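Single chain ahead, by itself, as structure tokens, in the form predicted on its own.
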């Protein structure tokens, strides 16, 4: 499978987080939300505006700039 940025994944696809780029503060914030390497997430909505993810039973909104720092692999 090919590694992509989270912002490139269409709505309805499940992915596995491979890596989070950026400073430690950014990584710590995402890890606290359940977005960390090895975690499976669903790209609930990715058309315009923020990207909506489903992590477990929780939906989260991420800005496109943030999504450009998250490397994923499609399932």
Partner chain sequence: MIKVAVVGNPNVGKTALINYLTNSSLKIGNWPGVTVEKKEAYLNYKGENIYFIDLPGIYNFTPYSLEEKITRDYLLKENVDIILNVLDSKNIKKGLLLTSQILEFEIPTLVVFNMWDEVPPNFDINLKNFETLLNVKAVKASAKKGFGKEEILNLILKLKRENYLKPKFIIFRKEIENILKTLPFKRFINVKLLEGDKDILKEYGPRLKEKDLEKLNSQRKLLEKKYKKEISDIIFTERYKWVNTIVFQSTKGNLDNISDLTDKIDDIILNPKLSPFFLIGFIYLFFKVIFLVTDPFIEYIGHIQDLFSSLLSNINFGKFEILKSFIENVFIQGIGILFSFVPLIFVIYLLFGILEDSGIMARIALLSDRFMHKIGLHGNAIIPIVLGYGCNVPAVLSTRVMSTFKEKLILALSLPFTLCTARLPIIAFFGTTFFEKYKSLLTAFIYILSLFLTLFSLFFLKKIFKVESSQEVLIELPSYRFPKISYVFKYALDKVLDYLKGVTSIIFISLLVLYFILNFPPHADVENSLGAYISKLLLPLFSILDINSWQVILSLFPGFIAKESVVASLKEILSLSQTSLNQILSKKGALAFVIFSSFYVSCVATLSAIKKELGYKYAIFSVIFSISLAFLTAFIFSNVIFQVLSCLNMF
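Every value quoted in this text rests on a predicted model; they were computed, and no experiment measured them. Residue numbers count along the first chain shown, from 1.
We do not show the form predicted in complex with its partner chain, though everything after this point is about it.
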| property | result |
| --- | --- |
| Residue 64: touches its partner chain in the predicted bound form, heavy atom cutoff 4.5 angstroms | yes |
| Residue 54 within 4.5 Å of its partner chain in the predicted bound form, heavy atoms | yes |
| In the predicted bound form, residue 60 touching its partner chain (heavy atom, 4.5 Å) | yes |
| In the predicted bound form: members of 21 to 53 within 4.5 Å of its partner chain, any heavy atom | 24, 25, 27, 28, 29, 30, 31, 32, 33, 34, 35, 36, 39, 40, 42, 44, 45, 47, 48, 49, 50, 52 |
